[in-house]
Ligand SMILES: Cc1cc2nc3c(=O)[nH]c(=O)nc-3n(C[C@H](O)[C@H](O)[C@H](O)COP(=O)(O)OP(=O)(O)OC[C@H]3O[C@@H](n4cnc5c(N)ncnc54)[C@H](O)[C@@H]3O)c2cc1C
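Only one chain is shown below, in structure tokens, and it's the form predicted on its own.
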Amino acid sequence: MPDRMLQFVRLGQQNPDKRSAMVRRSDFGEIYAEFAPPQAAAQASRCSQCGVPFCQVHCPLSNNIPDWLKLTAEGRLEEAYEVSSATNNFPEICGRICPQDRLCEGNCVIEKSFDSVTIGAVERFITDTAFEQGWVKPIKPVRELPQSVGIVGAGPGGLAAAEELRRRGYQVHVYDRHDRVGGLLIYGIPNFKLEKEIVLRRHALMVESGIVFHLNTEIGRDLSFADLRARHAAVLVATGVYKAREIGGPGAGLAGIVPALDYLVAANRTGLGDAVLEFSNGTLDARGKHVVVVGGGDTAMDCVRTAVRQGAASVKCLYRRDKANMPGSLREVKNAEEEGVEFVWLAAPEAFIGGTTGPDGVERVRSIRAARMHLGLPDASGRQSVEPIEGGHFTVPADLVIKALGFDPEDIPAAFEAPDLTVTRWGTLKTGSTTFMTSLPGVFAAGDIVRGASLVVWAIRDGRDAAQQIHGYLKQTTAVAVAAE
């Protein structure tokens, strides 16, 4: 075990062993092995213990990263877990799926010359060890409070809020329209990044903690929003955003052009053992097909890597900017390239060309007509604009086109039959800048439904902050009620 910190001058950056691309293409298992304790301690000892930890500054949760790295280097793993979990409800999940290369690791002060500490891998090691050793315990509130809180949405934001509120003693009920807890953690993120047992393990712990889940319950269909508000002293809306952005252009309505989330949900449900008609009939199965994914974010990377594992004949990713301007994690791009995905940079679809095949006579997509693009001057946001190159047209074969262009919010006021719920011009729920309170008293909102489609780590941060505001609101309303008696 290292006897001191600042080992970055002697030890190089090391990730856990990664399975070869040829092997991992054939299954959906996680691609990284576990760190061995000596490896984790050595990597943690590379932390420079700098006076201004930019890793912590650029972490949405402000995790105390240097502290738990130092404890890991010293072999004090239980203490490291306590420090890590003090600011993060799900460190075992963030350690796997956070784009560390854009957040903590990308801002490590030793990044430029010595390569950053592999913070995510150490975080995962700490928490997996904590679960194995039985250090992760159900929540036991110091005292039970009579007020109940209803949370709509069992994704990362809603679950983080549920834990924080339960820790304070509130009676917490979580409502979700799906049959499993986790939201996109279960249905949107593939197993090779986050094995579902990790999420289900956390769900079981939350049930043990006294959090009550109402699954297969859609607000506005199975339970009215008015009844939900009547049941609980406060309500938190953490539904996320799921409506796919449309692609547009001639032929955009052809069969075989599908939203990314539909495709990923079908793949994940199939992996969980569910019977998915769209997968069994081949509609959402990439096997033997020429697959083209349009988009450049992390969802697009999930789609291309899933298609590879399903046995696609070819997998291409069309993105209208270059690699340097890609919004997704460059680590994920590298993994995809290793697995055989072809990236077509500076290319945008113009039209979709179809053909009629099969006994049903349905016209399906057969190719994409695309245009070469070049980067122009920066726009108002500072990002370079993209413009088509004259005469730069080309055709790409495509039996399955997956739209990964981002997500917009559903019409929550209409779905909840709550017209008084105010929304922004983007359709997200409007809340106080620090209160998380919507236009309805006692109704709060957090996560993507407020900030728009974003990272899991930001949803966790919002859920924690919203729980704090709900606690303050309930304390105040209780004090007012007592004073009125």
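From 1 onward, residues are counted along the sequence shown. Keep in mind that what you see is a predicted model, and the values were worked out from it rather than measured.
There is also a form predicted together with this ligand; it is not shown, and the following applies to it.
Q: So which of K196, R321, H178, R168 reaches within 4.5 angstroms of this ligand in the predicted complex, heavy atom to heavy atom?
A: Filtering the options by heavy-atom distance leaves H178.
Q: Which of these residues, L236, C104, V172, A154, gets a heavy atom within 4.5 Å of this ligand in the predicted complex?
A: Filtering the options by heavy-atom distance leaves A154.
Q: Looking at heavy atoms inside 4.5 Å, which stretch does this ligand contact in the predicted complex, given the options 427 to 435, 441 to 449, 31 to 39, 52 to 60?
A: Heavy atoms within 4.5 Å of this ligand in the predicted complex occur in 441 to 449.
Q: Honest question, do F90, V149 and T477 all end up within 4.5 Å of this ligand in the predicted complex by heavy atom distance?
A: Not a single residue of the candidate spot has a heavy atom within 4.5 Å of this ligand in the predicted complex.
Q: Should G354 be classed as touching this ligand in the predicted complex when contacts are defined as heavy atoms within 4.5 Å?
A: Close contact is absent here: in the predicted complex, G354 is far from this ligand, nothing within 4.5 Å, heavy atoms only.
Q: Decide whether V456 counts as a contact residue for this ligand in the predicted complex under a heavy atom distance cut-off of 4.5 Å.
A: Output for V456 is yes: heavy atoms within 4.5 Å of this ligand.
Q: Residue-level contact is defined here as any heavy atom of the residue lying within 4.5 Å of this ligand in the predicted complex; does L261 satisfy this criterion?
A: Result yes; L261 sits at the interface with this ligand in the predicted complex.
Q: Within a 4.5 Å heavy atom cut-off, is G295 in contact with this ligand in the predicted complex?
A: G295: no, not in contact with this ligand in the predicted complex.
Q: Can you tell me which bits of 272 to 307 touch this ligand in the predicted complex, meaning any heavy atom within 4.5 Å?
A: Contacts from 272 to 307: D298, T299, D302.
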